[in-house]
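To begin, one chain is listed below as structure tokens, in the form predicted on its own.
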């Protein structure tokens, strides 16, 4: 039995934690540079706003309907996510963190799963003030279905058991809402007379595999109650990508270098947190020759002799790579880095001739992480990442920073 814990309107709910006056008030959260809507509450949806809508197109509606607008505050969202995952760890060690606002729980062998799910939901609401919904079922795909049903229940919890209840739910569940199906594939299935999850579950495996793919066949079998998607308690990231749009177009190489150094710091911190090192790094910059014209992408890739998790080393290499791809006649919109060929640090074989620097770097990075964990992100970092950072994203509606750390009492 699987359970999926999903935070309701996560980004907007994070803002409400520190603004209880916004309960039942319509909220939208904007993307990088305040470009478009990436999250919204049910109250905002009632006014016809949809995810992905450009902010400039709904600005007048926002004003007329008194809709509260926030810029994305990823540091806040990450902090709240960590607290929620810590609460889940109080109840079980078998957790698969699926995304910033979702986690799978292994509920095998538990007798009263529904009561436990209700207790978990209450704890998260009491300790973090975050509303969540929980779906329980024999497979991950069915648990996703149960989670969607649970969002409309007063308890916020739904368990697909017994089979008769599951059949009833699937008979009234649109295939477009099934995990992994989506609108485009559902239209193709509609042509064959398949409109509900129940109808899809009754399709022949051979027919599904022949006309579509193995992935859809796996979904069909999961809808029948046959587990086909494994539970991973510690999934290892295959790549780490940090990329942002600039708040304004840049033509200065030093400013772009500052941004890349900043992104290297974020990526390296994530490496160290997961006890990983990277063997490869790619940097990329996107330029435009003028306003309204198509952008041009430039990239450079470098293979390290040793796997690394050092912010200093990654930043130094990023600056060297930038010199090779920078074009002084262009203006730049975006930059980013990608780390791949990730391996666990304790399984890495180092180069004999430069291994001496590794212990020194490790000690320095450990001190930096300790300071930032205690006093907040970016309290200490590289000077090469800049101080004023005029290139940073536009965040005109950013919620004020929360001083100190909010402790969880239970």
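Note that the rigid core is defined as the largest set of C-alphas that superpose within 1.5 Å between two forms. Residue numbers count along the first chain shown, from 1. Bear in mind the structure is a predicted one, so any value in this text is a computation, not a measurement.
Although it is not shown, the form predicted in complex with the DNA is what the next lines describe.
Q: Please determine whether residue 313 contacts the DNA in the predicted complex, using a 4.5 Å cut-off between heavy atoms.
A: Because no heavy atom of residue 313 falls inside 4.5 Å of the DNA in the predicted complex, the answer is no.
Q: Even though the partner isn't displayed, in the predicted complex is residue 231 close enough to the DNA, meaning a heavy atom within 4.5 Å?
A: Answer no; every heavy atom of residue 231 is more than 4.5 Å from the DNA in the predicted complex.
Q: Even though the partner isn't displayed, in the predicted complex is residue 111 close enough to the DNA, meaning a heavy atom within 4.5 Å?
A: Residue-level check for residue 111: no, no contact with the DNA.
Q: Using the partner position in the predicted complex, report whether residue 38 sits within 4.5 Å of the DNA, counting heavy atoms only.
A: Close contact exists here: in the predicted complex, residue 38 approaches the DNA to within 4.5 Å, heavy atoms only.
Q: Choose from 99-107, 254-262, 75-83, 116-124 the stretch whose residues reach within 4.5 Å of the DNA in the predicted complex, heavy atoms counted.
A: Flagged stretch: 99-107.
Q: Can you pick out, from 31, 384, 68, 372, the residue that has a heavy atom within 4.5 Å of the DNA in the predicted complex?
A: Going through each option in turn, the one that passes is 31.
Q: Check each of 245, 169, 194, 300 and return the one that places a heavy atom within 4.5 angstroms of the DNA in the predicted complex.
A: That would be 245.
Q: Residue by residue through 135-167, which ones have a non-hydrogen atom no more than 4.5 angstroms from the DNA in the predicted complex?
A: The stretch 135-167, when checked against the DNA in the predicted complex, contributes only 144 at the 4.5 Å heavy-atom cut-off.
Q: Taking the rigid core as reference, does the Cα of residue 325 move 2 Å or more between this form and the one not shown?
A: Stays below the 2 Å threshold, so no.
Q: For residue 210, is the C-alpha shift between this form and the one not shown 2 Å or more after core superposition?
A: Shift at residue 210: 2 Å or more after core fit.
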